[in-house]
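Let's start with one chain on its own, the form predicted alone, as structure tokens.
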Amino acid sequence: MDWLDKFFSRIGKKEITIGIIGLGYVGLPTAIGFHDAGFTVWGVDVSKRTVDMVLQGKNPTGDPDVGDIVPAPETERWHITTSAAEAVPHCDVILVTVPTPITHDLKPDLSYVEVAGKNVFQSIQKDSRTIVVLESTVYPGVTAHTWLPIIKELDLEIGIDVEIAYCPERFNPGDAAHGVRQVARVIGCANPEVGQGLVALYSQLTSEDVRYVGKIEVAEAAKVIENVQRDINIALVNELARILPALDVDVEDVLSAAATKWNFHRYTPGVGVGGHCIPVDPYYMIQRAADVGVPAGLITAARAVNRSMPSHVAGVLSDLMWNAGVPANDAKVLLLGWSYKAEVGDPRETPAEPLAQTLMSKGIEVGAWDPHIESTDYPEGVTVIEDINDVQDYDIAVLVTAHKACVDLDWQSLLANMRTPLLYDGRRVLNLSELETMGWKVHAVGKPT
């Protein structure tokens, strides 16, 4: 029986042990998914707080879908540690799900990928043919360029001691219909035999299609352009949301009309784009294009549009308050929602922060209420509102995140506590006609003032 047949057999018998490096929004659900599928799992995270919470059966992430499914500490096949050196020797396949952020000057930060690689590869045993799979979002070439020098330095041999592959995560926090067990996956690997083995393994994790796509760079590029495409599409509607109101046309009316055509893809404008994917991944592609001397004008322009939306909205809010007679030196803005996405307690790259910072730079007081965010997650200068009923004397309420709690709050009670009855729907999800009937002076992104 050759290696692949043995690997298939061990998958069927659930004899493969899976290691997960990084127990964040992607890693923890992935670890839970493989455990639920019957495999032994070793989870590793450098954060002692994260490890301690998982060992207590608690959810350290802000994703509500993970809250009740963390295995209990005494569960078999479930091992959690801060030490890669402890976990790696037990594992047949190791998935690296560490962050890939950008630096302050908008360059890819691959330090987490490099450090994770070093920690894993230096703990791999000779002749083990341990498969190490990167799931973090990167540009084409990162997996090989970052990890192969480490493997060579440690005198490990590809095909004997270790194999490397890439399988981009497609987990969507807060979306139960597109969790790790419901999304299609693609596998990139220089060795087709290993690629087919990983297809069989990931097919135990997800009910959707899993396919081998050839070289690692194909899978890397597939992931990054998924989010680049979304960024470009969102940038189009955000730009229209700035152009059409100047023509006395509501962008939502236009989009609804255009959507009657069978091949029109409907997107909705907003105060900005947030999270750890769409505002970040385009910069990885921009950097790689620059490395090979090819312009990425469309990607760069789209990112500029979306990055400027919070500043644009801050200007609109300032004008609305000025037109309502609110003194510039005494204006107060209430932000409803702070996290980057509805029903998720994740403030990373949230457009709420640059919106608040721009407003505060104008001397405007900013308060924020988000039932999913801890008070320590807000930046300095923002007034944190723990109870929405405690709101007093704000001049404009701005829906930033479409949490159900924000959309369905008691608008009549909030109106009674406002100093000025201005409302701005930054997500185009509110019933503006109904709110106007209550007495609110309603405005929205992309709506003529």
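Owing to the predicted nature of the structure, the values given are computational and were not obtained by experimental measurement. We number the residues from 1 along the sequence you see.
One more form of this protein, predicted together with a small molecule, exists but is not displayed; see below.
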| Even though the small molecule is not shown here, does it sit in the predicted complex so that T103, Y139 and T300 each have a heavy atom within 4.5 Å? | no
| field | Which of 285-293, 229-237, 126-134, 142-150 lines the interface with the small molecule in the predicted complex (heavy atom within 4.5 Å) | value | 229-237
| W369, Y340, Y202, Y378: which sits within 4.5 Å of the small molecule in the predicted complex by any heavy atom? | Y340
| task | Could you tell me which one of A222, V213, I278, L110 places a heavy atom within 4.5 Å of the small molecule in the predicted complex? | result | I278
| task | Give a yes or no for T268: in the predicted complex, does one of its heavy atoms lie within 4.5 Å of a heavy atom belonging to the small molecule? | result | yes
| the small molecule contact in the predicted complex: G272, any heavy atom under 4.5 Å | yes
| said: Please tell me whether any heavy atom belonging to F121 falls inside 4.5 Å of a heavy atom of the small molecule, as the geometry stands in the predicted complex. | reply: no
| task | Indicate whether H79 is a 4.5 Å heavy atom neighbour of the small molecule in the predicted complex. | result | no
